[in-house]
Structure formats: C-alpha cells, structure tokens
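What follows is one chain in structure tokens, specifically the form predicted alone.
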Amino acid sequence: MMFTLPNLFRLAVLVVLLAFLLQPAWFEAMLTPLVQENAPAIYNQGSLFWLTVLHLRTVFIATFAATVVAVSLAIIVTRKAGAEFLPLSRSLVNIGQTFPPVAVLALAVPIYGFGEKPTLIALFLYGLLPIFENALTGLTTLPPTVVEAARGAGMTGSQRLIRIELPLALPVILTGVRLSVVISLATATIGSTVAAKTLGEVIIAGLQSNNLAFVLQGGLIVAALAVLIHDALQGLERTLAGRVHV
C-alpha cells in the first residue's frame, strides 16, 4: 500500500524539487520561453537552495513559538483556575488574524529594524489562532470515561495532563500546527519586503524585472513545500490518531 499513486506523486514532487534547488540549470530550457530576450531564466541573485532553507527556518521558529504559547494558553483555560481567562485568551490569539501580516511588518520594522525579526513576529501572531483553537478542542473533547478512570487511579492533575490529556489531544493539536505551517509558508514570502531572507526575494525580483520565470520559480517552490509538508503532517496525524484509538 506504500506505493500508491498519491505517494508516488509526492515522491516525484520531492525529487523534482530537490533537483531544481540543487541543479536549477537543468530546468533552464523549460523556463527560457517565459523571459524576455537576454534575460536570465534561472534566479541568479542568490542560491535557491539556501533561500529555501532560510525560508523553512523562519517558518519553523515562528510555528514552534506559536505552538508553545497557544498550547500553554489552551492548557491554562481548560483548568478550573484559568477557565475565566478563556475570553481574554481568544481575544489575544485573534489579534494576529485581525491585523494583516503587512500591517504587523509595518509596525514592527520601526522597533526591530529590517530583517527576520519583524517577519517572525508577523508569522507568530498569524499562527496562534489555529493552534489555540485546535488545542482547546482537543483538550475539551476528551472521553470522560478515560479522564475519570485516570482520576480514580489516583493521578494528580499534572499526571493526567502529561500522561492522558495531551497524548489524546495531540492529533487534534497537530491539525492546528499543520494549518499554521501551511499559512506561514505562504505568508513568509512577504518578509522579503523588509529584507528577510525568504523565497519572496525570488518573486519580488521577478516582479521588479518583469521576469515571469522568477515569479514562477518562487511560487512553485513555496507551493511544493506547502503540499509536501501538509501531507507529511497529515500522515503523522493519522498515525497518532490510530494509536490513540488502539
């Protein structure tokens, strides 16, 4: 079952993506018809491979920070002592969705300067909501019989959280992380407008020079990364969900 058509397609996308990042000159003939005469068909202002690595690093840092904060908030508001803070927590995590990432960048640049920091802040704020809501759903829809059995076994609140609640809620939490990652992969491209090293550099260079090949390269790399990472995380969710039900 491992060699199904969807899996073979994902493998093909991964191989083509790696080949393009490591040896972009192999694809020059395919992209040449998209550019004007004497214009470069392959992005030549930096390494596509390292831009991709830096793009992924930015997304990973922002998503990791958003996950820690969002899951921590969800844990707090699902305890008796913190239940009253649920409306406030929802308001806080909604901030990122209220302000467009471009507006966050514009506000952050005067404080932190140009570079990666404003982009990290924008992605962090934008990624909070899906992770928080999924963590909240996972922690509030646990089977009551399992929770009561853990309580009856003499487990403390911390033990129930670590051994029972978080493992059972993990597949649902991971769904929120997956949504946050996919959103951040696309949104991170605008970070190049404030000098962050992302694949947005390729797209912006193409727009400035009217080079469709550059725009296509940046867009397709981001799209391929989003599809591959989305499917990988979705597969992990199903694996974890299967173990939980077992």
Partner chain sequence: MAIGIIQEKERLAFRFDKLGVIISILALYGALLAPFATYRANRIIQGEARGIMEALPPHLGYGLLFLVVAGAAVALLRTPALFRMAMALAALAALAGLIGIAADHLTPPENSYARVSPASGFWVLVFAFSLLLTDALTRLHPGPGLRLLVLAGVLVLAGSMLVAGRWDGLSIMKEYANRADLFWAEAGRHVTLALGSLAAATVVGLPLGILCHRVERLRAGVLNVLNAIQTIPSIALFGILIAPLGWIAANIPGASAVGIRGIGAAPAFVALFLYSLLPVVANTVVGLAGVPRAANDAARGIGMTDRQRLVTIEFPLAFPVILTGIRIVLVQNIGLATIAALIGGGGFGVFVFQGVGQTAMDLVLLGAIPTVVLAFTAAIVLDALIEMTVPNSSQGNAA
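What you see is a predicted model, and the numbers here were worked out from it, not measured in a lab. Between two forms, the rigid core is the largest collection of C-alphas that superpose within 1.5 Å. Residue numbers count along the first chain shown, from 1.
The protein also exists as the form predicted in complex with the partner chain; that form is not presented, and the subsequent description refers to it.
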item: Residue 219, heavy atom within 4.5 angstroms of the partner chain in the model of the complex; value: yes
item: Contact flag, residue 170 vs the partner chain in the model of the complex, heavy atom cut 4.5 Å; value: no
item: Residue 99 within 4.5 Å of the partner chain in the model of the complex, heavy atoms; value: yes
item: Residue 17 within 4.5 Å of the partner chain in the model of the complex, heavy atoms; value: no
item: Selected contact from 69, 35, 48, 194, since only one has a non-hydrogen atom within 4.5 angstroms of the partner chain in the model of the complex; value: 194
item: Interface residue in the model of the complex among 22, 236, 226, 11, criterion: non-hydrogen atom within 4.5 angstroms of the partner chain; value: 226
item: Whether 28, 30 and 139 all lie within 4.5 angstroms of the partner chain in the model of the complex by heavy atom; value: no
item: Residues within stretch 85-113 having a non-hydrogen atom within 4.5 Å of the partner chain in the model of the complex; value: 85, 87, 88, 91, 92, 95, 97, 98, 99, 100, 102, 103, 106, 107, 110
item: Large Cα move at residue 137 between the shown form and the other one, threshold 2 Å, rigid core; value: no
item: Exceeds or equals 2 Å, Cα of residue 71 between the shown form and the other one, core fit; value: no
